[in-house]
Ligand SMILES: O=C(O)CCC(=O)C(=O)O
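One chain comes next, on its own, written as structure tokens: the form predicted alone.
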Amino acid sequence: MSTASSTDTLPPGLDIKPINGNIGAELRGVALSGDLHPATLKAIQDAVYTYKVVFVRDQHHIDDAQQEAFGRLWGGLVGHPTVPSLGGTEAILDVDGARGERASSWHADITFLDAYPSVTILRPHVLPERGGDTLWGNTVAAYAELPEPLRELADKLWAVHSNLYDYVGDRGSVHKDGLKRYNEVFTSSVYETEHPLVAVHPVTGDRTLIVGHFLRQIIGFGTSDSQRLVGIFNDHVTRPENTVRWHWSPGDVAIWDNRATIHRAVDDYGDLPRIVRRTTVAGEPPVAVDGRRSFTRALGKKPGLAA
């Protein structure tokens, strides 16, 4: 893994400790806020683009307003297109396990939009006594390790992403409230977007795979062949060597490059309470290897819903 900036050039007091060989780092010696010194912000941004996901402990001072203020340092904030933001906030999504919002399959945030978020900031609001970890996978490392014939194929492929995905999937059990919310809120408007399977990252120049559960089908392939191909690429991203797992503690904040990772929450906490609060930063349509950009090809209400 290349490092965006040497630890010798970090602002005084700031320290970065890598967690795994391919992804994840812990950032120490900083109190996140909306008025960070530019050098400190640049160091945090470099760390995120280098390690893909960065964790900052002991940020007990961060509330909803502070979270949004910190997010604005990265760019404009965007809410979820169908799920209302938390009351009193511009763009915080309150993800509550009690409502069945468990995000327990691999995904990048909101890839069913053409300009999906560039960066995500997440903090726990209520934590279960056990379980409820989150995992991230490095889609840049996954692309780089593909055999050359697979990379050449991937560079040419495009795929349809949609919020109308298989909610049940491989879940061992389905939360009834979650399924209801998925049907009535999350997919109240249906989006279909075409993305390249491989995009050129606008900051790092790396090639990154756009995969995860919003990917419905690879264009030009039948359902069966598409599923097999998607499985191959997803498997590379979720190999243990390309992943990191974080056990949350109160005061933690995670910041990740949503264009270079996929993630999933671990649904192992039963009926215990788990609420996390998410802020996402506006992105731009991904650019394929050949220069073409992603585009939304369909947007509409589900049948039977009022306009």
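Because the structure is a prediction, the values reported are computed rather than measured. Numbers for residues come from their place in the sequence shown, where the first is 1.
A second form of this protein, the form predicted together with this ligand, is not displayed here; the remarks below concern that form.
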query	finding
Location of this ligand contact in the predicted complex, chosen stretch of 261 to 269, 37 to 45, 51 to 59, 65 to 73 [non-hydrogen atom, 4.5 Å]	261 to 269
Single option in L146, A154, V95, L86 placed near this ligand in the predicted complex, where near means a heavy atom within 4.5 Å	V95
Candidate from V160, A103, V119, L77 lying within 4.5 Å of this ligand in the predicted complex - any heavy atom	A103
Site test, D109, T134 and R274 vs this ligand in the predicted complex, non-hydrogen atom cutoff 4.5 Å	yes
Sequence-ordered list of residues in 40 to 74 near this ligand in the predicted complex, where near means a heavy atom within 4.5 Å	none
